[in-house]
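Below sits a lone chain in structure tokens, taken as the form predicted alone.
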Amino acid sequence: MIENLLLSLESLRANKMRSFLTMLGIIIGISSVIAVIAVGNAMTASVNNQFAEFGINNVSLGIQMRADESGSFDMAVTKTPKDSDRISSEQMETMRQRFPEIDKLSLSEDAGRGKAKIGRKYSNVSISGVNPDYAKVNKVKMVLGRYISDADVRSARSVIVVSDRTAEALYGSNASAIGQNISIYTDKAIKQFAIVGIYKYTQSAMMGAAVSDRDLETSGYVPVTSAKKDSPYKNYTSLTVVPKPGTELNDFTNRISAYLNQLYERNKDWEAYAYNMKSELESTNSMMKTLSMAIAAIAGIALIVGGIGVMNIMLVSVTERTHEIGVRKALGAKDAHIRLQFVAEAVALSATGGVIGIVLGVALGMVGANIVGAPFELSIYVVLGTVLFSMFIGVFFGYYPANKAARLNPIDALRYE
């Protein structure tokens, strides 16, 4: 077997251009399949990262307009829920007691946006009223100071947590900003807060192109009760809960949804909802995997074309070496020896093309993953599978020419010119 492989490699070296052109179909097929799978994995990872930004284990709760009997909404009618239609703090507390699986409950209230100014220095700030769990649910990373506390919420204190970008723009450093009073000029009023903490601003993957630091708008977090001071509504239209680790997410979502539907079953205008992104992520991943495999299968057609090329060149090789085959058989070579020699040559041809295709496919996959902006991921089983498949092509398409060579009559072969 080793001798046959050495002879096969020698044959490839003797006809470099012909061998390369024969391998080209294999190279294109293998590299296409690997590149498509690698880019598909990168795109899936990118989607997973974007879903993770929103919290894959978070359950979003809220209210929405109730659909009519046909299941549609009257888009011409714009309604605002009354305070009695919204979810109250008492209902949230009851929910916590009814569902001990709840680990965190995050609240957020839009309190306007404006410019924080000190002389000619300014920073765009979007004010959000939050509770302490908001930072844990939304992965807010503190740089200095502290976050909004339960005491801040209970007392509706005028304190704020600003981003490191705002602190540097107004005060030059994070340390200088702690304890300072900040004035935020909105369309309706000038709001004043004491800075108690600085968090690290991170660019969201969903935001697209970054804006300049001068025009960047970052969030300023204040106690939700402080944000409610200027609002005519004391209750909430939405909140986010996170179950404890080990809780079956879909089952928990269904149970809490049934509970909310009971609360709103007599409300003619509004209904409650509860959903998580896990099922959406699973559906998206399944769709992307199916799409990648379909495209890879289409790219794999090039492998069939490459296999036909291998068969063609092996038939030519049998014709060219008919006299050699006759000599070998006259010296005692059996049919199996001749068959093995040509099959080994076809496998060497395909395997060499497969290795080159893998290298090229990995390179293309890395470029594609870089364009997508996700880490390069490729299973070792995919690489091994493509190598074995390329060798299978060599055996499958090389067997017919090899068998034809093995069945030649030695006398006719020796007479062949």
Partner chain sequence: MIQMRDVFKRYFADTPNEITVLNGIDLSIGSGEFVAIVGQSGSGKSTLMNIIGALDQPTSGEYELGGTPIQELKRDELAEIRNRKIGFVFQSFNLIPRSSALKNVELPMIYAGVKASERARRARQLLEMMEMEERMNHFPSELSGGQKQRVAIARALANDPDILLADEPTGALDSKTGNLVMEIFLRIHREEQKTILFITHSTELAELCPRVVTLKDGQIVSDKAGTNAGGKLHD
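Whichever C-alpha set is largest while still superposing within 1.5 Å between the two forms counts as the rigid core. Here the structure is a predicted model, which is why all the values come from computation and not from measurement. Numbering follows the first chain given and starts at 1.
Unshown form predicted in complex with its partner chain; subsequent notes refer to it.
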Let me test this: is every residue among E324, H337 and P410 within 4.5 Å of its partner chain in the predicted complex, going by heavy atom positions? yes
Exercise. State yes or no: in the predicted complex, is some non-hydrogen atom of S11 no more than 4.5 angstroms from a non-hydrogen atom of its partner chain?
Key: yes
Given that the partner is absent here, does P100 sit within 4.5 Å of its partner chain in the predicted complex, heavy atoms only? no
Can you work out whether G332 and its partner chain are in contact in the predicted complex, taking contact to mean some heavy atom pair no more than 4.5 Å apart? yes
Note to self: Although the partner isn't part of this model, could you tell me whether R86 comes within 4.5 Å of its partner chain in the predicted complex, counting any heavy atom of the residue?
What the structure shows: no
Picking from R165, R157, K104, R328, the single residue whose non-hydrogen atoms come within 4.5 angstroms of its partner chain in the predicted complex is R328
Per contact check vs its partner chain in the predicted complex (non-hydrogen atom within 4.5 angstroms), the hit among 166-174, 269-277, 143-151, 315-323 is 315-323
Contact check, 369-383 vs its partner chain in the predicted complex, heavy atom within 4.5 Å, ordered by sequence, gives none
- [ ] Could you tell me whether the Cα atom of P132 shifts by at least 2 Å between this form and the one not shown after core superposition?
- [x] no
Would D187 count as moving between this form and the one not shown, using a Cα shift of 2 angstroms or more after superposing the core as the test? no
